[in-house]
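Read the single chain below, which is given as structure tokens and is the form predicted on its own.
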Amino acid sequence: MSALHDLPPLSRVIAAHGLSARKSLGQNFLLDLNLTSRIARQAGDLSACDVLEIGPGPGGLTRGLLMEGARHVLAIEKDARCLPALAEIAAAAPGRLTVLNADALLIDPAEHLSPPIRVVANLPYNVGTELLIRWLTPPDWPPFWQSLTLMFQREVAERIVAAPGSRAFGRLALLVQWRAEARIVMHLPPGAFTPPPKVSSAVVHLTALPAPRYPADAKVLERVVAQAFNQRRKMLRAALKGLAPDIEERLLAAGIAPTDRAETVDLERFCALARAVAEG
């Protein structure tokens, strides 16, 4: 670990390599190594795990993951300007860091990792939600990952853990909570980043469940939930009328009043509705 401790401060690394953050890439660099180590620790014991990191930038979180004992880190970085800085970290942790200059949306990381696998990332704002949805909707379950420890804008984090009846409750909460345990484990102010974003951030830790909480066909559930929340101000009998001609009967069979609105219906009843819709 001593070679990692000997690396220069991230502010010097950024200056040396000319790594100004680019808005087009959703970049906001986290330079405080105490904070990056705290984030790494939220993922648990990494000594027996491969870790996937998306968007490492100059490598603040990468250093934290390695210093906290990760067996191996695969860092996928789209911005080629960051590669020399990441190469310095790889040299300080021989054999424990692989860097791929690639678009995370276009690569299958599982091909480069050995189980057990955990994902830990300060996700670029512009692709964070899309990556999360991909990781939660693989063709087969359980997924390639054991847990996800991810930083999002605070608003997105609150949507992930939202409960029925709250303004933040919606498609994202249902999709996450159907297949994972989710909780917010850290809050970070804008000033923790360079440059400071306009919003606060939060770290969410998700643990994959061995099976979904309630039986339902994934595609049918997604269709039902999408249509319900697409018109969330409407009563469900109106919002879902295109799903089936007898939608009111199916709502009642699922324990849902046709006059309910989407944000008041919990996950268990949405799954029951998905089963009722699939039967027809």
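Residue positions are given as counts along the sequence shown, with the first one as 1. Only a predicted model underlies this, so the values are computations on that prediction, with no experimental measurement involved.
Heads up, the form predicted in complex with S-adenosylmethionine (SAM) isn't pictured, but that's what we're talking about next.
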Q: Name the stretch, out of 117-125, 134-142, 180-188, 157-165, where some heavy atom lies within 4.5 Å of S-adenosylmethionine (SAM) in the predicted bound form.
A: 117-125
Q: Using the partner position in the predicted bound form, report whether I54 sits within 4.5 Å of S-adenosylmethionine (SAM), counting heavy atoms only.
A: yes
Q. Does E88 make contact with S-adenosylmethionine (SAM) in the predicted bound form, using a 4.5 Å heavy atom cut-off?
A. no
Q: Evaluate M67 for contact with S-adenosylmethionine (SAM) in the predicted bound form, applying a 4.5 angstroms cut-off between non-hydrogen atoms, and reply yes or no.
A: no
Q | Residue contact check: E130 to S-adenosylmethionine (SAM) in the predicted bound form, 4.5 Å heavy atom | A | no
Q: Just give me the single entry in V199, L209, L83, A102 that has a non-hydrogen atom within 4.5 angstroms of S-adenosylmethionine (SAM) in the predicted bound form.
A: A102
Q: Could you check which residue among L30, L243, A239, V220 gets a heavy atom within 4.5 Å of S-adenosylmethionine (SAM) in the predicted bound form?
A: L30
Q | Sequence-ordered residues of 63-93 touching S-adenosylmethionine (SAM) in the predicted bound form, heavy atom within 4.5 Å | A | I76, E77, K78, D79
